[in-house]
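So this first bit is one chain, no partners, the form predicted on its own, shown in structure tokens.
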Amino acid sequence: MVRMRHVLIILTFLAGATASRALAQATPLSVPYTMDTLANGLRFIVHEDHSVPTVTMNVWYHVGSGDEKRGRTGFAHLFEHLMFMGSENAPYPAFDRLLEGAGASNNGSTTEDRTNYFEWGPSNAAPLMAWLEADRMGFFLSTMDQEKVDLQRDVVKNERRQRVDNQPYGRAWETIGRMLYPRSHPYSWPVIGSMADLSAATLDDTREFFRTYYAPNNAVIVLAGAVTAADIKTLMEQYFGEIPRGPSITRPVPPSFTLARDTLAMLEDRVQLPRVYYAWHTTKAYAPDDAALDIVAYILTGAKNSRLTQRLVYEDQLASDIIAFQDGKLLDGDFIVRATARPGHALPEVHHVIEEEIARLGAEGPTLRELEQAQNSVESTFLNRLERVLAKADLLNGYYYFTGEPDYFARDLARYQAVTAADVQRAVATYLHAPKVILSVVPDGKPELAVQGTEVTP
């Protein structure tokens, strides 16, 4: 009787789960929004979510390290720091103090493709958020002087020392960028820039950068939460409407390229364990194969039972960790595999298994269980993000930038649900069987631990 009751409970649960999934599939996924544009070109998107009395303001300036020029790298990230140094009507540190006093928080980040600033807090803080962002968009330049540039330049240099120069394996990523992309490609240098370029930045350079990129016609603002579209439109016109439009921007067109052959290199570093990185040139974000490559990454390393994780970490115990990911960006994309060898093992052992498992996935394709597990994981993560208004605001901005449609949620999820075993097999054959970059990072004085054939030290 007890066993039968347990069976009935399980069957009831499964029936409920099936019904919930069917209901979710029958109900189109949508994040409703309104979008408007001011006379100066500033676009703003409003998503109303009155479930809790909070609001987030998410500002994307369409500029990142991919808009820089060689010899003037690091400007986009430097500006992220400068923008927190105060503006004409909110001198430093008023920006943080006013928001904290209203129970709100803020932050920012820079990538190859964009720089964003965001605030979140109680919904009655929306006017304050709008005023502060408008003040540093329209009244920042008059407050920028050599002292501020020098101060934040030093902060960024210290950040580079901590994250790159003095961080174990820290030089790997910029080395991979130089190896994977042509010298003229804007993804060939790191977002944080070089020490030489940061040192060379002048006050006039930074002012010109602001005039070009920190203009209303190069920004999109999302306000999401317990607000109304009508109230936000009034706020935007009131605070941003008088800021003058900036110049038209011509984006760089990166050169097309392919790798002619596998390129191997080695770095000796103050590390305890050798680590190997693989990088393949792939495709842009939201391009046809982008989702399939995300699924490939999950099948290889996304779970404990994924192929490379299971084989290298648990069965053969050759590696202490391994990760794979597709990094599709605005101008280009790459696929990365990174593995750290266990003590007592060298990278050639790890390399052999990685090559073997990728070749097997390309030859045989994934099992139905592997494909469904990957798709279910993507869907679960995707839906969990939508529980937070902060994430929805950033996705609305990102979708608009990359696809031209803010409410791309259903189509984004659908592209993963549509991936077939044949798509996975083709993506591996197309991209991961192509020439690649292999970078070994080994302890000082132990080059024998590197992947064999390494001859170049960048």
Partner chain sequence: MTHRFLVTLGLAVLSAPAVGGAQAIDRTKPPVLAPPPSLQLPDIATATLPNGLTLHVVEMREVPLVQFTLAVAGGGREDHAVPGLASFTADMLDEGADTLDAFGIAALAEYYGANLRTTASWDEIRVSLKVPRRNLDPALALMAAVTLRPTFRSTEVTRQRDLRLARILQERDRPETVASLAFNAIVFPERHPYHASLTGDSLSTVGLDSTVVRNFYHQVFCAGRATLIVTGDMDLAEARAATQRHLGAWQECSPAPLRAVEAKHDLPSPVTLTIDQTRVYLIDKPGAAQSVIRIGGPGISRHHEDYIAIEVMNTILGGSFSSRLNSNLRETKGYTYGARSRFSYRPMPGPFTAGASVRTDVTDSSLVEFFREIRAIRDAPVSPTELERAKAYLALGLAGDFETTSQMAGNVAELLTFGLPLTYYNDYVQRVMAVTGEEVQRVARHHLRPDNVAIVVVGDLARIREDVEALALGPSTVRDLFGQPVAAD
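Predicted model, so just to flag it, every value in this text is computed and none were measured. Residue numbers count along the first chain shown, from 1.
From this point on, the text means the form predicted in complex with the partner chain, which you will not see here.
Annotated contacts: 103, 234 and 389 all touch the partner chain in the model of the complex [non-hydrogen atom within 4.5 angstroms]. Contact annotation for residue 194: none of its heavy atoms lies within 4.5 Å of the partner chain in the model of the complex. Under a 4.5 angstroms non-hydrogen atom cutoff, the partner chain in the model of the complex lacks residue 394 among its neighbouring residues. Using a 4.5 Å cutoff between non-hydrogen atoms, residue 124 counts as a contact of the partner chain in the model of the complex. In the model of the complex, the partner chain sits within 4.5 Å of a heavy atom of residue 53. Note on contacts: among 320, 146, 263, 228, the single residue with a heavy atom within 4.5 Å of the partner chain in the model of the complex is 320. The partner is absent here; in the model of the complex, the one residue of 272, 258, 250, 142 having a heavy atom within 4.5 Å of the partner chain is 272. Only one segment in the set 37-45, 395-403, 53-61, 411-419 has residues whose heavy atoms sit within 4.5 Å of the partner chain in the model of the complex; it is 53-61. Contact annotation for 241-256: a single residue, 242, has a non-hydrogen atom within 4.5 angstroms of the partner chain in the model of the complex.
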